[in-house]
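One chain comes next, on its own, written out as structure tokens in the form predicted on its own.
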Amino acid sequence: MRTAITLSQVPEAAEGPFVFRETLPEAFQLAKETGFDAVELFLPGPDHVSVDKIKSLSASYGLGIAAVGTGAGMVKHGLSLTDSSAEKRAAALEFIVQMITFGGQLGAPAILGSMQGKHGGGVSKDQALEWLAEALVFAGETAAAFDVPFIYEPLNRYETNLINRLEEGADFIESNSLSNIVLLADLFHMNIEEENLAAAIRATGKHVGHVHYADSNRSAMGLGHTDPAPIVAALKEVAYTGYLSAEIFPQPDSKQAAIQTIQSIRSLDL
């Protein structure tokens, strides 16, 4: 398993769980200095920085690109795949496709989290899930052209009322015959929704393609109540070889959060 850390360039997400918010060169340098293998990018959109610039930074600092987030589509533009407006749903899918294309040129998958939206306000759950499945079919096909998967993230009940647990996500993938879609196991969300985090990973392991490594309070691992040892043991059992990526609050500050994360991971038998 490899390590990654989040870099945000989205002012509207200033209160979000992203570690480094410096300029990209500074953030890459900090990620390298604190011992990470890769970075996870949270950008305002596909035109914020060129692919060539990210490739240059990646090469200069010896860091991979673990994934790219799409959440700016929601926090910056108010877009979701389950909006009652067909126009907004189309704009949401177009934004996601552009981020898939951006990440794909870097060999990195894109993540669908907040842009999945929710049902309500005249949109039934069945309808919302139908729209979500249609979008994931297209996203999976688009990502396949770059030989990367598309990552779908079950969120906790306070952020979506669609799919909250890994098992629900796995069932959704299978019942809709979705191809090239993998699940993001976010340990913060799982702490809210899963009865047993390690058991949930064992049950759905073949679908897990990315992990957000966060404690129960969304701080760095070791600052909350989560025991990572059985979780990592479960990941090893299901032959997970992807990233443990720190999508966490920068507490007590960004560098200390990064160091705490690396120390936690290094204490495990990987």
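The model shown is predicted, which means the values in this text are computed figures rather than measured ones. Each residue number is its position in the shown sequence, starting from 1.
This protein has a second form, the form predicted in complex with L-Erythrulose, left out of what is shown; the following refers to that one.
Annotated contacts: 165, 193 and 215 are all free of L-Erythrulose in the predicted bound form [non-hydrogen atom within 4.5 angstroms]. When you look in the predicted bound form, the only residue of 148, 197, 155, 97 with a non-hydrogen atom within 4.5 Å of L-Erythrulose is 155. For the options 171, 159, 141, 130, the one in contact with L-Erythrulose in the predicted bound form, meaning a heavy atom within 4.5 Å, is 159. The stretch among 181-189, 131-139, 84-92, 101-109 whose residues place heavy atoms within 4.5 Å of L-Erythrulose in the predicted bound form is 181-189. Residue 247 is the sole member of 237-255 found to place a heavy atom within 4.5 Å of L-Erythrulose in the predicted bound form.
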